[in-house]
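Listed next as structure tokens is one chain, alone, in the form predicted alone.
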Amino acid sequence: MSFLSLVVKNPFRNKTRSSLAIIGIAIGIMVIIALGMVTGGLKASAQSTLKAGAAEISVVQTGSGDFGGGRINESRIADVQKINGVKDAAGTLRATNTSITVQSIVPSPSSGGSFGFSVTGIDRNKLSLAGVDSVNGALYSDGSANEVILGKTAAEELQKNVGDTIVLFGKDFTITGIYETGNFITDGGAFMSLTTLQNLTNNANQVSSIAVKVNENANVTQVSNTIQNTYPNELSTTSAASMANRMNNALSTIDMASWAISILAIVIGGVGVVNTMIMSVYERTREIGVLKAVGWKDRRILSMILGESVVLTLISAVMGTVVAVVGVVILLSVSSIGGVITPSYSPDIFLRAFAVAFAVGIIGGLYPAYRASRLSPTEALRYE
């Protein structure tokens, strides 16, 4: 029997003990990968808000929050457009539709955190500032036409296609197109003519926010400060970059929590590995004595026991990875957020998990391996 086959087969002489050690490590690996896939998908969506063509600055009423819960007079759009460094500006009005029932896609900011279907009004020639660059179908008509374009996530959840109708604010609207931006919040709603939404919600000449695109050579921070300084106590600004960074910071907190849970599970699993390997060394004392008597060096014994420990933890990593991937896919397929989050399959997530498993294998097997390598052949052969 070769050295490699010994290393692979020896850990499973006591299948029950080895299985318990594997399960303990696999739980920690599963948590690392599962949360890594979900948070990675959310981070990718946050970064999509910085895509080329979309507005870099959002202008809202002071004190209304980042999502524009207040109202701004439409005349301010032209005023902001004149500020140095501003390339383009567009007014947007956000409202929450309550006339259709959907499994909650995302909480609507304008609904005070409750679940609802978000509808945004914006002139059709300004849609690129909202991140809508391509539409499957046609754009809606400006004015009072009852036409909308629907986000891909919303269309899938509501089972709607181009040409279908949808009831919004008690009226039938024709879906002229389906859009996809990559941003899970934007893709979970709908866009219509600004004038139409103003009329439906009794917000004539009012907008929730102003989307601002800056010149290529302009400094976003400087333009933001100029807008706020020009209209103090009236307008405040938020950059897309800062919003994405805030979201990433929140997701980083989730990452830290997942690491804390994982470390706890890995410590428990690591203790199981140490116990498994120590018991294996005790049970094979005479065998190790024979190997040393026929010429095996200490370092070869050390390598064998460490190898067996690593085999246990790498099998744990494979099991944890499979369970995590399958679990995340199933969870998202049966959950209402399935169309919102696209799990990340970044190699970094899997490499990190396998690195942790390998480290646990080395650390967990170090003492048992050292103990085995220091056994005296004569004493080991007399052991019962």
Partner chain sequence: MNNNIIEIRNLKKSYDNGKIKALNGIDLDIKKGEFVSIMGPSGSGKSTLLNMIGALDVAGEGFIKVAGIDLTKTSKLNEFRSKEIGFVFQMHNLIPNLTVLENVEIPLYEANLSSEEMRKRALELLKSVNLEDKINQTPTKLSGGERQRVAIARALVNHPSIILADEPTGSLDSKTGDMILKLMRDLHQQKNVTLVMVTHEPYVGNLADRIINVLDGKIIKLN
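Positions refer to the first chain, counted from 1. Given the structure is predicted, the values throughout are model-derived calculations rather than measurements.
The same protein has a further form, the form predicted together with the partner chain, not shown here; the description that follows concerns it.
Note that among 262-270, 279-287, 204-212, 174-182, the stretch whose heavy atoms approach the partner chain to within 4.5 Å in the predicted complex is 279-287. For the chain shown alone, residue 87 is not a contact residue for the partner chain in the predicted complex, no non-hydrogen atom being within 4.5 angstroms. Of the heavy atoms in residue 123, none are within 4.5 Å of the partner chain in the predicted complex.
Interface membership of residue 71, defined by any non-hydrogen atom within 4.5 Å of the partner chain in the predicted complex, is ruled out. When the partner chain is considered in the predicted complex, residue 138 lies well away from it, no heavy atom lying within 4.5 Å. When the partner chain is considered in the predicted complex, only one residue from 291, 218, 83, 235 comes within 4.5 Å through any heavy atom, namely 291. Within 4.5 angstroms of the partner chain in the predicted complex, the stretch 209-228 places no non-hydrogen atom at all.
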